[in-house]
Every structure is written in structure tokens, then in C-alpha cells.
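First, one chain by itself: the form predicted on its own, in C-alpha cells.
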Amino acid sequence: MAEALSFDVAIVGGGPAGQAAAIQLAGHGLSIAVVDEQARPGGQILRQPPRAFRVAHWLAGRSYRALHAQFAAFEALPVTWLGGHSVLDAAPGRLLLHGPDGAVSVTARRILIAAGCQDLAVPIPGWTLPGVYSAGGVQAMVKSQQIVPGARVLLAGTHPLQLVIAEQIVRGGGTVAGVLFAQSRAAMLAPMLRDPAAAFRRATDLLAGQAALATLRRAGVPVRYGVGLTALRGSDWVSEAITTDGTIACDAVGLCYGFVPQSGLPRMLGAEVVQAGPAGGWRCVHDEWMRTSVAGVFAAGETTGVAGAAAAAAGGALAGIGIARDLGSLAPDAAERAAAAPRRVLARHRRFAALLDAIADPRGHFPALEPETLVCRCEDVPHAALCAEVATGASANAIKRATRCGMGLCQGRNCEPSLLRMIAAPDPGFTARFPARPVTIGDLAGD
């Protein structure tokens, strides 16, 4: 194992929240490390191409301007960038990382978890066929390298982000076979009519959605509402989608039913979490300075609830101010003044996030599963096996021990929400365990 590294602050996540926190902490004489699994900072929202690639007009739209400005400010900071590193274990004041040179231990007086979110994995008959992706995975390819994963891409689910991804595919030169919303258009409009003020405050997002729709219409892309997926078919690659309104030929599918916080590290640390939005998952609880229930550990961004890049940046800024205050680098009255603006911004964007949750609510629209449909694809655990265990009244952890559901490479990140939907009683889910990410024994041993 490499020699241990020591910092005043370790930030996990180089996306909008982590960048904003680092910017707030800069200038206080603190040593700062930023850890991220990607080689380059930006998070998923500002996913950078590899250094060897040159992508023309990379994320040049107006909605990315603020992110580019923050990124430029972050790049100028004197922070230690630990890109390409995963966190294997976390405890107050300590992180165990794994990177290109093996395992490395990091100590820090304060730790900020800003780990982002992930696509809600939704099992459907045929979802393990090659060519079937999460919508976020499709977007990452298109954003960072302008690679379209198929000749005819179908997007399906309940989340409006589908429109943006479809537009990006079209602008990237791809063909979109269709965009399917399982809910009706009236069901999507109803939440906005109930809270028009929240919708109005994020008018730029609504306009971006309208612009995406216009682009799709010009490209002849069918956008359909009230049409759900029932199965994906193909011999050795997905070739068609079976929907409630017929069959659609395609060779790539992006599933988009929502997003869940990356909660593994807060749970490993023993921080208090609560159920996140209707898509499922867990979000980390925090106080007015983004402190978690574990001393010395802060949380920000989508780890505290999926609310978008602007909310993540506001939460990250608030966490940076809170950490500087905690470490005595910022006087309490100065911290209060500095926190006022990001608190207002965070509250405004979280109100819109609640509205978006209602619009994209996937409950009631999940595809029906066949007995042999794999729910845990890491360990090949079919739906029927889980149904049998759920019928006994077993907990998620007991079902994990009995079936190996959640014991694979993803450590339950994909299958846990599906299993918890099957368990009618409240359940705390899988116990977060070391290692949080796959690692070889040789790397841990330093061979």
C-alpha cells in the first residue's frame, strides 16, 4: 500500500457539489484533496472526454455555461486531484482509496461526501441483452465522446430527461427510434398545475425541454405518452421492444425511470439516511451546514437528494462554508452571511426537484417481470427466487444471504431498489460493507 496521505479536507466527488465546496474552502490555508472515479473532474453532468480525445463544441449549450464557469474556477485551485480513484472504505477522518497505483490511505480532519447519483436500474424481461443501457449510460457516451450506441436508439421510461438525451443523440448524428413515456401527458402536466410557481422559477429547464421537443419533431422522432415497455427481445443483441402499443425495431435501448442517490459511503459511515424520492434509494440527512449525523463528515449534492446540478452546487458551497466554519477558518458571523445565498438557492431548486419527482414518478409504471427475469444481474438471481424468499417475510439482508442478491460487483446498487419494492414492510436495505467498489486482493496486499 502506498504511503498514507494527509489533508485538512477530503472531498469525495469532483462534480458540481465537490467543485463548489473546494472553491469555498480555497483561500483559507487548508490542504484539500478531491477524489473522483473519473480521470478528469466534472461529474456526470459535465462529463469530460479522455485527454487524448478532442470533441467539437463539447457541451456548449447555454444550460452548461454556469457549469463551465465553475469548472474553470475549480481548475485554477491549488487542490490535490485524485482522479481515477475509488473509495473502498470510509470511517470518520479516514478513507481507503484504490487507484492506478493500488490502495492508498487518506486521513482528513473533515470529509465531504458528494458522490452524486445513479440511474435507477429497472429490470424488464430482456434487459440483460447487449444493447440495453441505462439512459445515463447512453448520455455519458454521447456527451463525452459523441458516440451513439446504436443505429436506432429507443428511450423509454418516465423521466423527462429522456427528451434531452434524445436531442443530444440527434445532434450527435444518431437516429432515435422513439421516446416513450409510460405515464400520460396529463399526468405529467398535473404537478406543474398544482405548483406553477416552482415550475416558473425553473423556466429555463422547461424551455430546454420545449426546445428538445422541437428538435425531435423536426427530426421526425416519435414522442409518445402513456406507452409502457413490456419486454425487450433479440437473439444475441436487442432487436425490438415490445410495448403496450405494439413493437418497435431498435438496436439500442436507454431505460430512464429516474435516479437514486449514491448512498453507499454515508451508510458505510453510519450516517443517518432516509428514503429518497419516489424512484427509491436513500438520501443522507444533514443539518443547516451540511453536517451529517457522524462527527466530521459532511454531505452535499445528489448524495443528499437528487435535485440537479444547480442544487448540488449550492449544497456544495454551503458544505464548504460549513467546513471552513467548523475548522475555525471562517468566523461564525461571516459564515452566516456567506451561507445565506446558497441556502436560498438550494431551497428553490429542491422545491423544483419535488415537482420533477411528481412528474417522473415511476411507481405504477414498472414493467411486469417474468419468473426467470434476472433482478440481480451480478449474481444471476431471478425474480422467482426473490419472490419465494419475500413470501417468507425475510428482510433484505436475509434474502441477500439466502440468494446472493446484492453480493456481486455492484454490491446491491442496482438490485436493492427492486428488492425493496418487493418487500411490503419497511426495511433498512442491505448493510453497506467493505469494499464499496470491486478490488483485487493483490492490490489490497500491495503485491
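What you see is a predicted model; the values in this text were computed from it and never measured. Residue indices: 1-based, along the sequence shown.
Same protein, other form: the form predicted in complex with a small molecule, not shown, and the subject of what follows.
Trainee: When you measure heavy atoms, are Gln118, Lys143 and Gln262 every one within 4.5 angstroms of the small molecule in the predicted complex?
Mentor: All of them do, each having a heavy atom within 4.5 Å of the partner.
Trainee: Among the candidate residues Pro149, Gly308, Pro362, Pro342, which is the single one with a non-hydrogen atom no more than 4.5 Å from the small molecule in the predicted complex?
Mentor: Contact check passes for Gly308.
Trainee: Can you work out which of Thr403, Gln411, Ser418, Gln38 has a heavy atom no more than 4.5 Å from the small molecule in the predicted complex?
Mentor: Residue within 4.5 Å of the partner: Gln38.
Trainee: Tell me, please, which stretch of 231-239, 365-373, 276-284, 86-94 lies within 4.5 angstroms of the small molecule in the predicted complex when heavy atoms are compared?
Mentor: Of the options, only 86-94 has residues within 4.5 Å of the partner.
Trainee: Is Gly136 near the small molecule? Define near as a heavy atom within 4.5 Å, in the predicted complex.
Mentor: Contact with the small molecule, yes.
Trainee: Does any heavy atom of Ala21 come within 4.5 Å of a heavy atom of the small molecule in the predicted complex?
Mentor: Contact check for Ala21: no, nothing within 4.5 Å of the small molecule in the predicted complex.
Trainee: Could you tell me if Leu161 has a non-hydrogen atom within 4.5 Å of the small molecule in the predicted complex?
Mentor: Looking in the predicted complex, residue contacts with the small molecule include Leu161, since a heavy atom lies within 4.5 Å.
Trainee: Check Tyr64 for me: does it contact the small molecule in the predicted complex (non-hydrogen atoms, 4.5 angstroms)?
Mentor: Close contact exists here: in the predicted complex, Tyr64 approaches the small molecule to within 4.5 Å, heavy atoms only.
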